[in-house]
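First comes one chain, alone, set out as structure tokens in the form predicted alone.
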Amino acid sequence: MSYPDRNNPYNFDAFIDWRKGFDYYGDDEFLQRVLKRFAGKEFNSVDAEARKFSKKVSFKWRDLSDAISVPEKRPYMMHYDGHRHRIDRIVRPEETRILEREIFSEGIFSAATNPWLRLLKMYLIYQNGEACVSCPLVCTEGLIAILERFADRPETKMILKHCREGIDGDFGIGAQYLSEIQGGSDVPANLIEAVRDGDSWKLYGNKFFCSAAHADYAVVTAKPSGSEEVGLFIIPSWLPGDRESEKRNGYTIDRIKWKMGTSELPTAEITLDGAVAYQAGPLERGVANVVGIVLTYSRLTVGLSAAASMTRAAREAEKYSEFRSAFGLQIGRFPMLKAQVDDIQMRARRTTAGGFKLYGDFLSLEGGLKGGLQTDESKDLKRKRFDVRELIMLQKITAAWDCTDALRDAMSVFGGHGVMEDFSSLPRLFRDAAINELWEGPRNVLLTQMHRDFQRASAWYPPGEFISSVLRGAGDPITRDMGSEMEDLLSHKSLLTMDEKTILVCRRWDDFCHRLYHEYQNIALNEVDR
């Protein structure tokens, strides 16, 4: 019986103490098994470093991430200083600066950092949500990948060094300024003009969606004067000697956008008015290099971020179900809720295993990423490169979609507390996950792109052979049936014809791609659990 008690002693302290004391890597046996399975001989060295790193991310950085997530600490613009000088300063809280400085000082993208350690560090960091570091991390990774191929002058070589290895302990941060108001994902519709100025360029026009606007450098797309080709350029936020006086490099930050999620990250509208820029790669290969290299890293990260968010959500939902009681029972003993928690856990583990398996496939690519489908490589390498390209897009749409579902379910385990921003991180992670669904290509765009890719490649890579390759280990019935289904869906000439049949094929293609990547994840999970 429950009698009135005006001094109700109930509290959440036991659950909160557990949550505060949880070590993201040291206390996660499943994650350790995933790393051991896919890192192979690198496991012991990566494991030792991960245990040290996890102490930072699980406690101090977790608390800093929580501290900067409140509305009153959102970044804002200071356009002018007290003497009427245009400075376009993005004002961010000190906690953000500390967090950013400590994370980037880890040298995550240094040539000396083991790739598996890099992956694991990013996965652990992403368990804390955006926090104004997740997006800048992957933007910096994409910038470095471009410059490792195309840095051919002192300025771009210095930028590469600053971002990858740091200069005097300071590490450069990268951004991507690709979207324009008329284009969005339609990069070829860009209207930014690039005007040659000696051995560099000057850029003019408006970019409408510029994430990490506080960064030191940005990858920017623009069209050379009189050309329809989209080139790829690097712009420094300040020219040498101008940072101290806050004189921007020929551009203004017009405003910071008010976003549903990733709120700690300044995403801005920017006007370029003669910004000095350096060419990165052949002008006619700008779109191919953006999609094939820069956005590929971003899409890989969306999958990793989704796995990390789901892992934290599953962990906390499971523990809360063991702590909280209602109607005389621990809520985890109600079959309906137990099934829900098990589903969240399964999604998190499946997505994590799949993400690490795909990263292993990615690392094994000889020569790394390349722009476009056309290469002069052997058939086997060409097919392997194609596998990774398409799996990365499949992971992006599937993991991002599953993540919002898993986080929504996890919040419901907490009942009304689940939507309280000061009770747990789950509402913030949910809002960040909603952004990830749209970042680097919404679902409909990538599904259409993949359908076109598979049709273009079908002459040298039949759909059934692709299925057999990426689902190796799934068993003959699954590969046979999915191969046959894929061939049927690709027989529809185009997904751009507006008629009832095409709309039906689009729905089937969406469902098929979701199931296809789940099968890949299941194979990865089985490998971990063996």
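For every residue, the number given is its place in the sequence shown, counted from 1. Just so it is clear, the structure is predicted and the values come from calculations on it, not from any experiment.
The next section is about a form of this same protein that is not shown, the form predicted in complex with a small molecule.
Contact between residue 442 and the small molecule in the predicted bound form is found at the 4.5 Å heavy atom cutoff. Residue contact check for residue 178: one or more of its heavy atoms lie within 4.5 Å of the small molecule in the predicted bound form.
Although the partner is absent here, residue 210 is a contact residue: one of its heavy atoms lies within 4.5 angstroms of the small molecule in the predicted bound form. Taking the partner from the other structure, the small molecule in the predicted bound form has no heavy atom within 4.5 Å of any heavy atom of residue 75. Only one segment in the set 279 to 287, 316 to 324, 161 to 169, 261 to 269 has residues whose heavy atoms sit within 4.5 Å of the small molecule in the predicted bound form; it is 261 to 269. Interface residue among 331, 438, 291, 108, judged by heavy atoms within 4.5 Å of the small molecule in the predicted bound form: 438.
185 is the sole member of 185, 206, 249, 404 with a non-hydrogen atom within 4.5 Å of the small molecule in the predicted bound form.
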